[in-house]
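Below, in structure tokens: the form predicted on its own, a single chain.
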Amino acid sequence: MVSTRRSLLAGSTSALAALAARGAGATTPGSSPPLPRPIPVAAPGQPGLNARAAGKGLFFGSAVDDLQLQGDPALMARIVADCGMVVGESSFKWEALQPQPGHFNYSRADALMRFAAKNRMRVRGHTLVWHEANPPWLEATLTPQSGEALLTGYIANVCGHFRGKIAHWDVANEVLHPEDKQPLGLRATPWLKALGPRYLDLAFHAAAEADPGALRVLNEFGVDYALPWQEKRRVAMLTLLQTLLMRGVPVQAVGLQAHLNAAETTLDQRGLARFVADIAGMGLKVIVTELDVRDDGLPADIPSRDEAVAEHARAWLDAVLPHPAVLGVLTWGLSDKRSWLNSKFPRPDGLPQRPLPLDAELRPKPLWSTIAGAFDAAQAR
């Protein structure tokens, strides 16, 4: 899940002039040439995004918020039409599942599980270990003496409750922050303070024991651009993965959040493709877990904004999706009716952002067509 405390992908003001006339999925020198404009948006009766993905052995899905699940039947109908997998925005986080010590509440997560089962959809569990979205009592009681039992006990309970029903667990989320100067580039979290880097070993082993059939994922953001801080993160991720695998930690996949910025001109297609290949070379899979494209640095004009968002996503997908290790794509929401970007990165003109495949009226946008075209063009897995 996206962080509520980080400053993600700060917009590049130098990009605005180039994007004022029309959006462009910018690339670094020597990267792939500009891609065609998005195909026309979907006509009634066209296959949904997951149907297109499934034809190539891939999947498409979306994050779902509790309020959407309970009170927006029109959106949920579109999710059924377009998605083969769902992930709860917050219903699987620690603060939701164990609000009090010793007390587990699965009502919100179980509601999503029922919706998915009714509509023959798979579910991602997001997330077992994170430095955010924790109940206040947890950090107050987390010590070197209590940490292992708290962590492994929680994972055993949660993964045991859903055993055999979850496609993927984001076992650990957003663990990197090289600026903290910690071992292996790890973020200075309460878990690291209490247990050291072995908290990752404990978490992955506990998940493997409690729910062995679910894919175990290390989920991360900020590896998309030719920016020094993101280049450091790619190196840190590869080093961390090598270290974990050498220690026998049962990590199986990497989640690329792909929170993109259409006004950023340094999209690193070559670096991304090489990064995915390096991950795959370790025997790991790759999942695009939280795709959206912020537009707060673009002009107000909706057609040019939508085109820029779509072309930027097209360039990113063109670098990542062709690799056979990639299993599928999820967006962080399906419709512009609601996006975390509006509060985290509000547009200077006060207009809502348009970062997702459907607009606020649930009509497919150029981004929908870009994702559809990427699946259509993909090699079968």
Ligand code: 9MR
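Quick caveat: nothing in here was measured; it's all calculated off a predicted structure. Sequential numbering from 1, following the sequence displayed.
Keep in mind that the form predicted in complex with the named molecule is not shown, yet the notes after this line are about it.
With respect to the named molecule in the model of the complex, the three residues Y225, Q269 and D318 uniformly fall beyond 4.5 angstroms at the level of their nearest heavy atom. In the model of the complex, none of the heavy atoms of D82 sits within 4.5 Å of a heavy atom of the named molecule. Among heavy atoms of K93, some come within 4.5 Å of the named molecule in the model of the complex.
E264 falls outside the set of residues with a heavy atom inside 4.5 Å of the named molecule in the model of the complex. Though the partner is left out of this view, D211 does not reach within 4.5 Å of the named molecule in the model of the complex, counting heavy atoms only. The stretch among 274 to 282, 301 to 309, 255 to 263, 141 to 149 whose residues place heavy atoms within 4.5 Å of the named molecule in the model of the complex is 255 to 263. Though the named molecule is absent from this view, in the model of the complex it lies within 4.5 Å of a heavy atom of just one residue from K56, R338, H323, R347, which is R338. Scanning 269 to 291 for heavy atoms within 4.5 Å of the named molecule in the model of the complex gives just one residue, E290.
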